[in-house]
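Presented below, as structure tokens, is a lone chain in the form predicted alone.
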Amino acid sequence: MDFLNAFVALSNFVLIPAIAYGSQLALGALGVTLIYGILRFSNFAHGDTMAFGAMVTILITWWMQSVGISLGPLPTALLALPFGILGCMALLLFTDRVVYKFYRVQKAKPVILVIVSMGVMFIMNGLVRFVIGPDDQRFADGERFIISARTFREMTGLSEGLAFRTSQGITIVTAVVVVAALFWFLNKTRTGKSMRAYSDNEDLALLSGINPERVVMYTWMLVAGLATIAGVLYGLDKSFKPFTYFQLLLPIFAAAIVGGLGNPVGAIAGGFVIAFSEVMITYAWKKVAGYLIPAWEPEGLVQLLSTDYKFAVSFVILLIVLLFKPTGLFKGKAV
């Protein structure tokens, strides 16, 4: 019985949150990987792109809530999500036309584009804060739990309750569907194949008659979709605060680099490696240890690192990977 209680506590505070967080990071890292693999630069504005897409979705969600439109037990934000994606697509295509295209035509070095993307990052960050404000914004509605701790305890008779939030369930299911759709698109459609060809060998792709500007357009549209979905899922699961998305850039880049920058499978694997590392290192293991080893009741929290330093975990993992295996777990392009 104690073992079951320990497993439920572990699922409640480590396994389920890490899988949900890993799904959000994986979707974010996929966007970074697509830009690096196809457009050949590291986009530092990706965290704020997620924030912008989520912000548009939140504004539409609030409007829907005010006129009585809802999805019943599911969050209304799911109805507003397509509008957020369209808004984010418009912003990214505008940014590409006004900013990035100039440097692409000039054949600027990747480091120049990285610096330019940092400028875009600060502008996007300021825009989001100006429109929606710098504070936490709540927009989740519908049923909060798929199963609550009290219901679980009544069903099982265990002293430890399992709480599975609706936002966590939606995150996991959405991530699986989006990743499957993305891989189908890249591997089965003519546009996806042309994007992969352009990524593998730009000169050969151009000789084959592939239109580079069309490839760039589709890349930004895919990235807008992935960024908005990741941003909204993170906002539903935690809360929406513009500065948090700015901070998310570190674990997202760590996930992309750990998995192998430019490799979509690596981005997904890296997202889960970073998420599980952050959650497990910052979790207080006292309760689980108390169930598993009743004779040894720890006095402290048995916490390796405070949650305030969770982003430091992804930074350390990133440093280790860059030092010992710069191409990542799934051989991406060397960083």
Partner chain sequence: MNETLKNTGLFAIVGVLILITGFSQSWNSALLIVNMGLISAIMALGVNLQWGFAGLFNVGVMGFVALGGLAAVLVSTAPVGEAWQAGGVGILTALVMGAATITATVLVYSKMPAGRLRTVVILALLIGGFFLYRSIFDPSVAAVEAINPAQAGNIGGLNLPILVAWPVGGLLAAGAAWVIGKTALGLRSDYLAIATLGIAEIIIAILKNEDWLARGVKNVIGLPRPVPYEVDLQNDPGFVESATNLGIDPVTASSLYVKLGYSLLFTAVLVILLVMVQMALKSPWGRMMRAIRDNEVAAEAMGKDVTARHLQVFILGSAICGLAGAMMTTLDGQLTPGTYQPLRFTFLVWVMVIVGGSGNNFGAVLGGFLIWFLWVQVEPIGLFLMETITAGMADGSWLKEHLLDSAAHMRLLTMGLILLLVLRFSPRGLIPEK
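Note that the structure is predicted; figures quoted are calculated from it, not measured. Positions refer to the first chain, counted from 1.
The form predicted together with its partner chain is left out here; the points below concern that form.
Judged against its partner chain in the predicted bound form with a 4.5 angstroms heavy atom cut-off, the residues 123, 127 and 250 are in contact without exception. Proximity to its partner chain in the predicted bound form, defined as a heavy atom within 4.5 Å, holds among 182, 116, 81, 205 only for 116.
Among the residues 155, 105, 176, 111, the one placing a heavy atom within 4.5 Å of its partner chain in the predicted bound form is 111. Among residues of the shown chain, residue 145 is not one whose heavy atoms approach its partner chain to within 4.5 Å in the predicted bound form.
Remark: residue 42 counts among the residues lining its partner chain in the predicted bound form, judged by a heavy atom distance of 4.5 Å or less. Of the heavy atoms in residue 218, none are within 4.5 Å of its partner chain in the predicted bound form. With a 4.5 Å cutoff on heavy atoms, residue 322 counts as touching its partner chain in the predicted bound form. The stretch in contact with its partner chain in the predicted bound form, judged by heavy atoms within 4.5 Å, is 256-264, chosen from 256-264, 193-201, 85-93, 225-233.
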